[in-house]
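Shown below, as structure tokens, is a lone chain in the form predicted alone; questions about how it binds or moves come after it.
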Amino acid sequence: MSERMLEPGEMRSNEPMSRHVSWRAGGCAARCYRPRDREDLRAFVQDQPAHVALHVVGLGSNLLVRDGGLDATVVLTHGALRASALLEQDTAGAVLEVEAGVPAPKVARLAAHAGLAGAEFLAGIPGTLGGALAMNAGCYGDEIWNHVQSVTTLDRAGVIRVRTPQDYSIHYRHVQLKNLPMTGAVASDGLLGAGLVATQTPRANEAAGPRALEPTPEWFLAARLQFARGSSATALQRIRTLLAQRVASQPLNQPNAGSVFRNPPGDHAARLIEACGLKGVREGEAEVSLKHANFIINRGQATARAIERLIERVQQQVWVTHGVALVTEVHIVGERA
């Protein structure tokens, strides 16, 4: 099969997901579609049979597809949901309306060039806005939902809604739509794409294995983000400083999925992993980064299974040594080979 990326409006069968996840590893999706825009996505979702699982993926920076592949239709939003606009300006600040497929670092730059302050932390998030919304992504002391005025969502029936933060229970790396009954809706991956509206809180035994994708009734399509007035020069300089810190402390030159584990309350996953002497430990071509212990890198030809085994090994050792059950930020889907 050609390595040509999917064109807008193109459907492809048996698409290697290693091309679409930042770990550059894993199996194939049974079907893969790249929508042209928001309306095309809406029409496509409406046309899918109810029994077909849909997974929405943006930059693939928080996802691993097992080597046996994924019997589902993957929808790629990056390059499709890419619109942005500056709204509601006044002397105190302004609102940015941004679609879910826009990379979070680009949102930081858009805000900075508009003379807004407070979005600089988004430069440190390696996914799309939709993924950031779905997991309440944050770094450098801030989180995305601190700035959300409203979100636009899409459900499986093609219904578009506008919701406010009051419609959600918002927690550390977890966002849940309030008062939602479990309906057996089809699972979707939105932590990397147009956004997953989670319907269950994390379970106490999550750390025993990878986080499964949860049923979701809606995907994020866009958000209106509120930021204060500031200096473009100051904001751009802070972005440069934060990016320099990332380069110095994270293995950005090797395939990775960002932070693998959530920080446990009052501690840091990286500290616990490093204290176990796990930096540099390998499973095949997967390795706990020597630069940052909460990163697992693909040294070149790592399989999804090797990465998953290393995740489990780290969890087991941290539990034995510290009595802490590390919960993954990354989602692992599909069948083992």
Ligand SMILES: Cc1cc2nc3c(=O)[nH]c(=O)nc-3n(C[C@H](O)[C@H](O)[C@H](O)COP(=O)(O)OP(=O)(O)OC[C@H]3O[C@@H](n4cnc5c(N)ncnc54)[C@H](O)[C@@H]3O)c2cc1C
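Residue numbers run from 1 along the displayed sequence. Model, not experiment: these values are computed from the prediction.
Quick note: we don't show the form predicted together with this ligand, though the next part is all about it.
R173 belongs to the set of residues with a heavy atom inside 4.5 Å of this ligand in the predicted bound form. Contact check for H55: a non-hydrogen atom falls within 4.5 Å of this ligand in the predicted bound form. Of the heavy atoms in C139, some are within 4.5 Å of this ligand in the predicted bound form.
This ligand is not shown here, but in the predicted bound form it comes within 4.5 Å of a heavy atom of G124.
With the partner left out here, this ligand still marks one of 224-232, 112-120, 162-170, 131-139 in the predicted bound form; by a 4.5 Å heavy atom cut-off that stretch is 131-139. Screening S84, Q250, N263, S150 for any heavy atom within 4.5 Å of this ligand in the predicted bound form leaves a single hit, Q250.
Though this ligand is absent from this view, in the predicted bound form it lies within 4.5 Å of a heavy atom of just one residue from V98, A257, A80, A108, which is A257. Contact here is defined as any heavy atom lying within 4.5 Å of this ligand in the predicted bound form, and by that definition each of S22, N62 and R246 is a contact residue.
Looking at 281-316, the one residue that comes within 4.5 Å of this ligand in the predicted bound form, counting any heavy atom, is F295.
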